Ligand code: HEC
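First, one chain by itself: the form predicted on its own, in structure tokens.
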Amino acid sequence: MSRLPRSFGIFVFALVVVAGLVIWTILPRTSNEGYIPEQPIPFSHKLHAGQYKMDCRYCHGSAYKSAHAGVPSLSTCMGCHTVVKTDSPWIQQIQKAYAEGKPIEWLRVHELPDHAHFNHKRHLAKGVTCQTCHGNVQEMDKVYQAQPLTMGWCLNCHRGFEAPKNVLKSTYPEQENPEGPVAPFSCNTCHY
């Protein structure tokens, strides 16, 4: 029986490594964790939600009423920026777009696949804070996706493994150290 040369084994190993890297590069990612797009106009949540302590509901009021949080309309921005910081070139761009009836083309930061649905209203009603899924937005100059938002990450919360303590306590008020499921985790909860 003849033996294959050692260089052949090294070649096969290198080929497997390269093929793995190519596949890893071209396959879609399961998470956009860390994604931080460059927005058309810089907007600092650190300033608005952090320093000025504006409640998320001021700009994202629909999150408490509907399934979607939505991007604030320019009229929301103009609620303050008709008089605040009007000398800023960025604010002047917003004022111009508002006067012309043109939207600002913000880039979406948090996005789920089309086959998955997330209902903001239900989560907020249960006591889940914005920061649970979106991270400490009040500390972000540029908003980025702070959590993986993968199916496994969501299921860990629904099953109670990584649920916020206040949600566990409201679900199991009689327990000293509450544990257990806090939301349904059947497929049709998020896939419909």
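Keep in mind it's a predicted model, so treat the numbers as computed, not measured. Quick note: we count residues from 1 along the sequence shown, nothing fancier.
Another form, the form predicted together with the named molecule, is not on view; read the next lines as being about it.
In the predicted complex, the named molecule stays beyond 4.5 Å of every heavy atom belonging to residue 34. The shortest heavy atom separation between residue 158 and the named molecule in the predicted complex is within 4.5 Å. Not displayed here, the named molecule is approached by residue 113 to within 4.5 Å at the level of heavy atoms in the predicted complex. Interface residue remark: residue 191 is counted as part of the site for the named molecule in the predicted complex, having a heavy atom within 4.5 Å. Scanning 42-59 for heavy atoms within 4.5 Å of the named molecule in the predicted complex gives 42, 43, 45, 47, 48, 49, 52, 54, 55, 56, 58, 59 in sequence order.
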